[in-house]
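The chain below stands alone and is given as C-alpha cells, in the form predicted on its own.
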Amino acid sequence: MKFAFFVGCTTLARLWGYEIATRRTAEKLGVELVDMPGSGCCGTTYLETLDHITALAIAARNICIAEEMGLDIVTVCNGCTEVLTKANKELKKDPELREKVNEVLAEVGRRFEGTVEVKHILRMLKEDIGLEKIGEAVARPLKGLRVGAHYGCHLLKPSDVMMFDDPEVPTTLDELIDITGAESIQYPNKLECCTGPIMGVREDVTWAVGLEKVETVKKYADIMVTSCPFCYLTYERCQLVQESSPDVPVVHYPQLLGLALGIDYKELGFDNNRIDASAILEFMED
C-alpha cells in the first residue's frame, strides 16, 4: 500500500517528531509513504478569502504532483487536509473553474486532472488499514493509560466538504486510541477549538483557552493526544508560558500508536516533545 506523503510546513519546520513517528508507524503497518518532490505550502486555510484562484492553484499544484506519482495523498495536518480536500473537490466539480486554475498551473508546466484523493492519516489508518489489522499488530498494549483526545476543527468541518466521521460526535480518534490498549476518556468541551488560528492577533486568548482545556483534561486523563500540528503547538505552548505548568504531556497520535506497535520510544521523536511524556512507558505491557 502506497501513498504520496504531504507533510506540510509546520510539521517539517517545527515538529519533526510527528513526521518521524508517522513514517515509522506506517512502515510497521506495511504502508509506504512516498515523498512528494517539489511540494510546497498547501495554500493555508484563509488564503481563499483573499484570492480564490491563487489559493486553488497553490493547492492544485501539490495535488498535481501526487497525480504524476499516481498516488493518493496522506496528510498529517488538519489544515492541510481541509485545504487540499476542498480544492480537490471544487476543481473536480467545476470544469470552468478547473480551466481557470489550469491556466495558472500551465505557467509551471502542470495540469490538474482530478485523479487522486486526499486523506488525513487518521482516515487512512481506519479506512485503508482498518482497526482489526492495527489491533493484530499491537505488541505492547498501553493498559490503564487514560487519554484525552483532541480532534481539531479542520479534520471534521466543514462537514459537507470533509465527509469524515460525525462532526458533532466523532469516534475515529477515540477508536484508534482504544485499539492501542489505552482508554480514550470523555471530558467536557472535548470538541472545543484550540483557538490556534488567532494566535497571531490574540495570543493571550489562545493561551487562556488552551490552558483551560489542558487543565480539564488533567482532571480526567494522563495525557492529551492530538492529530494536528497547530493544535499540538497550542496545547504544549500554553503550558510552557505559565510560571507553574500543568505538565500534561501532549502526544501526536502516531507516537502513541508506535509505542503500542513495539517501536522504541526514542525512535518515535519524543525528544521533540517539550513536555516529558516518558511516564507513558509505565503503562506498556510486555
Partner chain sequence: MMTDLSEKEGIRIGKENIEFRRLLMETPGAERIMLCYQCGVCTADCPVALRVKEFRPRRIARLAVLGQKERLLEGDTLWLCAGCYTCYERCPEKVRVSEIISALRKLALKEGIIHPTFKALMKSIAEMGYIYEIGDFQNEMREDEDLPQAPEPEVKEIEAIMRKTGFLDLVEGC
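Positions refer to the first chain, counted from 1. Please read these numbers as outputs of a predicted model, since none were measured by experiment.
The same protein also has a form predicted together with its partner chain, omitted here; what follows describes it.
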Complete contact of Thr44, Thr49 and Lys86 with its partner chain in the predicted complex (any heavy atom, 4.5 Å): yes
Any non-hydrogen atom of Asp35 within 4.5 angstroms of its partner chain in the predicted complex: yes
Looking in the predicted complex, any heavy atom of Phe230 within 4.5 Å of its partner chain? yes
Whether Trp16 contacts its partner chain in the predicted complex should be assessed with a 4.5 Å heavy atom distance threshold; does it? yes
Within 4.5 Å, heavy atoms only: does Gln186 come near its partner chain in the predicted complex? no
Counting only non-hydrogen atoms, which stretch in 171 to 179, 208 to 216, 116 to 124, 135 to 143 is within 4.5 Å of its partner chain in the predicted complex? 208 to 216
Contacts with its partner chain in the predicted complex, stretch 58 to 74 (heavy atom within 4.5 Å): Ile58, Arg61
